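Listed next as structure tokens is one chain, alone, in the form predicted on its own.
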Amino acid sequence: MMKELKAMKIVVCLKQVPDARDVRLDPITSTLIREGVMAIINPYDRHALEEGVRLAKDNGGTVTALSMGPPQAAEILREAVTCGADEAVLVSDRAFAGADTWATTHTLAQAIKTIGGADLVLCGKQAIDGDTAQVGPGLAERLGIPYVTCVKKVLACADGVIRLQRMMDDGYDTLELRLPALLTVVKEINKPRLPSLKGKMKARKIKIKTLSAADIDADPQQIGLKGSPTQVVRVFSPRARGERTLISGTVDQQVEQLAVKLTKIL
């Protein structure tokens, strides 16, 4: 029988994002209106947190919730504690402002190294505000550890090896990799738990560790706007173009109608 991996140290990366149900753009500046908009834990990251808590319970480990952001990001870290995280670390510094995914991965990697590393790093597949899906793989490269994206199920974790299923367009792959490693997860992996009373009581008392750029020995040339090779020039809502026509009827009737319309256009 395989011996279970004990005292696993798990780090879950969380991002604070605006609630997608209430996103609005300033028509003059073409930037997101954040005032009065609720900030939440990135939905995919919730699934990463749940999987981290589950794995820690099964393997006798601990979960550290880690977030890079402004001071108010501490709110989502306290929420993470209510859902099972053991510790919370906020990486916050004005020098991090304007960071793209390249600069973000440098910051997160330095923070993880500063807190003593991790056996397993968990991230959501992507953030709903940027949708790049670059931070997870980029962070793994910065840490020099193997990674798997779009994980839909963790099958086993023992003897320093984790076995899992990775979602594919036409099914899934079953993979094994040695720890330390990084996984990005999809929403199909689990159903996040609700905050517990015990968790809420712990969240009220817990002291969130805050780290600055100096604390994590971050390279000034690789953080914030200065360390970002890409920049968002403008955010805008696409304008509606053309007319829409609803085609109804059986499949054969719809195909015939579509063919007629395309003939007129061409």
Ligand SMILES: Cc1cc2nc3c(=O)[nH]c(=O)nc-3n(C[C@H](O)[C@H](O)[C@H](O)COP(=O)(O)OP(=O)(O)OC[C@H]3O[C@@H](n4cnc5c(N)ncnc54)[C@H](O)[C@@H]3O)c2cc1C
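When you see a residue number, it is the position in the sequence shown, counting from 1. This structure is a prediction, so every number in the text was calculated from the model and none was measured.
Heads up, the form predicted in complex with this ligand isn't pictured, but that's what we're talking about next.
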Quick one: of D129, E75, D173, D159, which gets a non-hydrogen atom within 4.5 angstroms of this ligand in the model of the complex? D129
The one option of L164, I145, C83, V135 with any heavy atom within 4.5 Å of this ligand in the model of the complex is V135
Where does this ligand sit in the model of the complex: which of 145-153, 112-120, 192-200, 93-101, heavy atoms within 4.5 Å? 93-101
Spell it out for me: taking this ligand in the model of the complex, does every residue among S67, L108 and K125 have a heavy atom no farther than 4.5 Å from it? yes
Does A214 make contact with this ligand in the model of the complex, using a 4.5 Å heavy atom cut-off? no
Within 4.5 Å, heavy atoms only: does V232 come near this ligand in the model of the complex? yes
With the partner left out of view, is I10 within 4.5 angstroms of this ligand in the model of the complex by any non-hydrogen atom? no
